[in-house]
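Starting off, we have a lone chain in the form predicted alone, written out as structure tokens.
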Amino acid sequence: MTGGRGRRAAAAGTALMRPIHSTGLMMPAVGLGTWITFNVGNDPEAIAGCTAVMKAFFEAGGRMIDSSPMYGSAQMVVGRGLDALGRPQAVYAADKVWISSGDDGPDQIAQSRALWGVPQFDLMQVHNLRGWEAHLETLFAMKAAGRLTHVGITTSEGRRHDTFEQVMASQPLDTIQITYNILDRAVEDRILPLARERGQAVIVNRPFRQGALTRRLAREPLPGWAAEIGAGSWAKALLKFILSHPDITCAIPATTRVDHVRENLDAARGPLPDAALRRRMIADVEAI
């Protein structure tokens, strides 16, 4: 990270892209999560709202949509949205296997694929390391057969970091998914350096602590430094903080609002905080 007050993410108007190192695929640095927000059952109005969020997401240049069998109806809602939008070619379909039995993994993955309505997933991740040994064997075999592009593992809220590091160090993973935000920074010590060493792309969940962080900060005025990085809201500032870490590939905030998804994608444009400003941001947020 450079010195000074801020640094440019890219040319004016151009969204920040980061590579999935194992294949060189360039990924927009902000994706779309579906935990809770897309778990709306069969409510037609709510499904239409999620579809509108997806439409705005793609129009703003988004690609990665992340879901899981653990997320209730979210996979089905994503699939219906993709249908309504004419199956956008831009989508990078990221999902997870979340079942204890390794023998049941392939059937769950097939069911997830059917709910999405995609011929295959771009990324399949072992959710929270559940049954990781057997599931990774399945996923690597799928990748070798050309039925999957990338393989990863996930954790959240600091769970099982010791085991997570061991799997990162021992397995040829393409991606990892972790919790990282301005207050939850434990991964900076060991996990992010290990990902850099191993060439593993890093996906960030819970960038806003499931909305708790933005709700807490909404009562406070934006500090003066927000203008230095073109952040007109706390959400945009928090995302810019995450994206300013060079080891982060893609953050996946979830939302039910079209204006918020547009704002989230816009965080990948314009200046990002440098090391000095990151320290100021941390101090200010921790003091609130």
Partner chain sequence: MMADWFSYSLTDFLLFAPETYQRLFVRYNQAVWPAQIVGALGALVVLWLVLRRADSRIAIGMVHALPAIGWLWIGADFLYQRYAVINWAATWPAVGFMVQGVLLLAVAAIAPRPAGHAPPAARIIGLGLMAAALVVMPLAGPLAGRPWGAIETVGVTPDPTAVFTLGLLAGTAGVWRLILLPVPVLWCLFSGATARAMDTGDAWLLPVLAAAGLAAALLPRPAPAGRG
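Predicted model, so just to flag it, every value in this text is computed and none were measured. Residue numbers count along the first chain shown, from 1.
Heads up, the form predicted in complex with its partner chain isn't pictured, but that's what we're talking about next.
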| query | finding |
| --- | --- |
| Partner-facing stretch of 22 to 30, 244 to 252, 216 to 224, 64 to 72, counted where any non-hydrogen atom is within 4.5 angstroms of its partner chain in the predicted complex | 64 to 72 |
| 186, 191 and 284 all contacting its partner chain in the predicted complex, non-hydrogen atom within 4.5 Å | no |
| Contact of residue 121 with its partner chain in the predicted complex (heavy atom, 4.5 Å) | no |
| Contact label in the predicted complex: residue 235 to its partner chain, heavy atom within 4.5 Å | no |
| Its partner chain contact at residue 164 in the predicted complex, heavy atom, 4.5 Å | no |
| Exercise: residue 259 in contact with its partner chain in the predicted complex, heavy atom 4.5 Å | no |
| Interface residues of 33 to 58 toward its partner chain, as seen in the predicted complex [heavy atoms, 4.5 Å] | 35, 36, 39, 40, 41, 42, 43, 44, 45 |
